[in-house]
Every structure is written in structure tokens, then in C-alpha cells.
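We begin with a single chain expressed as C-alpha cells, specifically the form predicted on its own.
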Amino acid sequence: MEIILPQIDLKSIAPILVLSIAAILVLLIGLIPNKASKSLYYYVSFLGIVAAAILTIKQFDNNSVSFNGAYIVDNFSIFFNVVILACSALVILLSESYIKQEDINFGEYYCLIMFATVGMMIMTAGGNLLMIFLGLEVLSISLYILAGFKRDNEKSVEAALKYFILGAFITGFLLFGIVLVYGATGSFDLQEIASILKADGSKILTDPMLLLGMIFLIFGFGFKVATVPFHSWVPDVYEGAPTPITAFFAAGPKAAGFAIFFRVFLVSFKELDLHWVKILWILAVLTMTVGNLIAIKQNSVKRMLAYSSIAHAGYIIVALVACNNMAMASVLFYVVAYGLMNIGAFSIIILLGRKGEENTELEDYAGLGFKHPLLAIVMTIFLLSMAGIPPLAGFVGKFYIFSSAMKSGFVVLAVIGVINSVISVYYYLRVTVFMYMKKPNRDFGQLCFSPYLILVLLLTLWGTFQLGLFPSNLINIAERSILILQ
């Protein structure tokens, strides 16, 4: 039997190659017995991400399919990859002062961030289920280690262990789901699966093996984007992980998770939408409601933002349920807005922390509006954006998502989403009340205003206002990016 090897297209994977080379280079720099070499970790990592981003942007509107359809370069994957690379770059900037403060300035830290980014980029461009799984595992292994990178901190070690155990368990469901889908269709390729389901009529669409496989895929992807009831790892990991990595968890992996959620279900399982829409409708309601209600009771800002991220995942699932052009474009807009306001909020948390004392309790923010009014104003802006207050980016994102649900006839779901958004205002404003209406009970001391951290704050603050006041540019790009899924 003649074996035909797939054509290797290095141009399509150039951003991934550049990022992988940069990650390996950082490890090699670690072999140099010189303290000055540690500063190279930061610059090599950041330049590697910037170079990968430039190559990715140049691929826009130049669609290609390589490696026998396993790797797809289209505007949809390019959009998400640019967002992921931007989040990684901002996290690298945040990390510069934090890891020196916490004495964890090791090359492995930057290397793992870059390999996690590689995993996310493979996920978003995956053209078959095995490629998506490969990217998912590269991402997961990197995140397991990053979550427990503060080895001397009990919460960090606990976070890594919990995430690893639950992640390994859910990987079994994901693999079983992939196997069942393959057993029912005879293919791992997303486009081929879609063609088989469209051509074979009602018989295969009611195949229990296929339906069970689809449900297990929902379990696997739902864990990555933190939907209820697969959310239990989120608060502990957010609280225990180094704060820049918490910001990374909140932005990059969530964007990649929703990218594969949309690609798999809107491309491969489009013919099964009568089944998965009902499941996701329930998941959306549970995720929004549980996330918001539990967030109300949190006294830790990091845990509050963790449950907030769960609720935001529910909002995005509303768009997946709506499944129209506006809904798909709104998701692309929302992941950008969500990433900006979350990274901005975690920047403030990093700035207020000290070595060994992250100061993430609500009481630690008491009086911040009097001691550091500018920081309090910036934090308030990010929180109000998450709550969906105009004219900020969060409001526009929620407006598009709920409007798309109404347009598709899911009025009840949209109303539940709006009610949950109103509930969230309480716990976001609760932080503001502590900052402006409580007397300070600790000395904030001399804050370390790293120039890179200030740059992140300025970029995220500008982006939050820019997307809120002038959303049309990003919406237009998002609409061009989703054409491949229509």
C-alpha cells in the first residue's frame, strides 16, 4: 500500500514555529551562569510573541488548509490567535516586576507561557478533532505547572494539584467523545464530519453513539471555558496561581476554548443543533446564575473575579445558542473586551500586592480611593465595564450578545442574561464601596510602579473606552472573520 505523506506547509505554521523557537531559546539562556542573563528571559519572550503576532496578522485574508486539512489558517483562527498573542504579551509585561518580587524569575516561567500560547494557537486552527486535542494538551500541561509555580505557597500547590486531577479526569471524557464521534462518522476531520451528517439523513443524526460523543465533547470544552457544573476548579486556581497567571487563565485559554467550541459545533455539528442548543441553553442559564450568585458572597477579590469569569462564560454561551451572524461576531468582540478589562483589573491587584502578601481581600482595598485615587478610579472603570455599564466595552459586548439572542427568538434566555447582569452590579460595586466609603485599615506603603505594568494599565484602559465608544471597527473585523463559519 502506498503511503502518501501530507505536504508540509511551514508558511502556515510560521507563527507557531517562531514562538516555539523563542521558548526553547529562553531555556538555553537559563544555562548561562550569569544573573544578568535573567533579564534576557523577558526580552526574548516578548519579542518572540510580537514576531509571532506580526506573522499572524500578515496571514489575514490569506486562507489556507495544510497537513491534509488538520491545520486551518482562516480569518476566524487568525482573529483568535491575535487576541491570544496580545493577551500573552500583556501577561509577559505584567510578569516582569511580579516574578522578581516573588523570587520566581526562572526561564521556565516564560517558556511555559509561550508553549501554552502555542497550544492555544493549535487549538483555534485545528481542522480535525485530534489536532484540537493535541493543542488542548499542550495548553493544559503548561497551565498545570504555571498554576503551581509558586512552589513554596500552599495555595499555589493546591491549585495546581486540583487543576491537574480534574483536568486529567475530564480529558478522559473528551477523548471518549472524540472516539465515539469517530465511531459514528468514520472521520476526525471537522468538514468531513459535517458533510457526513448532512448527507446521511436522519439515521445517523439519531445515532446514540454520535449523540453521546457530542455530549462528552460539551463536557470537555465546558471544562476549559468553566461552565457549570465543570467550574469547581476555577476559584481555587484563580486564588492560588501567581496573579499574572490568573490574568492569563481569565483571558487566553477562555478565548481559545470558545474558538474550538464554535468551530466544532457550528461546523461539524450544525445538523445536530436541535440537540445541542437545548443542552447549551440550560448550561448558559446555570453558568450565569451560579457564577453571579456565588460571587456575591466572596470576600476575596480574586475569588470574586473567578466566579465573575464563570458568569461571563455563561453570557458567551448565550451567543452560541443564538447561532446567528450577530451572535458569532459578538463573541469575537466580547473575548477582546473581556480580556482587556480582566487583565486591567488583575494589574491593579498586582500593583497593590507585596512579597508574600497579595492583599486580595476586600478589606485590603478599604480607603484606596483616598490614598491612591487614580488607581481606585481605574479599578472602578474595569469593574463597571464587567458589570456592563455604558459607555464601556463590557456594555457593548453584552448588548450585542443579548440582542442576537432576541433576534433568534430566545427571549427568555436574553431576559435571564440581563437579570444576571444586573445582579453582577452588586458585587462589582461592593469593591468600589470599600475603596471609597471605608476607612483604610492598613498601610498601602510604597507601591512599585513598574513602567511595564503602567503600560499595561494604559493599554487596557484605552481599549476599554475605545471599544465602548467606537465598537464598529472591531465588529467589522469580527464579521469578516466569521464568514468561514457561515
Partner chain sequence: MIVPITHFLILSAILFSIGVVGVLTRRNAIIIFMSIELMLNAVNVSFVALSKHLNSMDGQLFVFFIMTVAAAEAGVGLAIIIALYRRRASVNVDELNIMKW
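Positions refer to the first chain, counted from 1. Because the structure is predicted, anything quoted here is derived from the model rather than measured.
Absent from the display: the form predicted together with its partner chain. The rest refers to it.
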Subject >> Within 4.5 Å of its partner chain in the predicted complex, all of 161, 175 and 179 (non-hydrogen atom) >> reply: yes
Original post:
residue 240 near its partner chain in the predicted complex, any heavy atom under 4.5 Å?
Top reply: yes
**OP:** Give a yes/no on whether residue 354 approaches its partner chain to within 4.5 Å in the predicted complex, heavy atoms considered.
**Re:** no
**OP:** Look up in the predicted complex whether residue 168 has a non-hydrogen atom within 4.5 angstroms of its partner chain, and give yes or no.
**Re:** yes
**OP:** Examine residue 373 and determine whether its closest non-hydrogen atom to its partner chain in the predicted complex is within 4.5 angstroms.
**Re:** no
Subject >> Answer option from 103, 363, 152, 273, heavy atom within 4.5 Å of its partner chain in the predicted complex >> reply: 152
Original post:
Of the options 333, 402, 307, 249, which one has a non-hydrogen atom that comes within 4.5 Å of its partner chain in the predicted complex?
Top reply: 307
Subject >> Segment that reaches its partner chain in the predicted complex - one of 276 to 284, 115 to 123, 320 to 328, 179 to 187, heavy atoms within 4.5 Å >> reply: 179 to 187
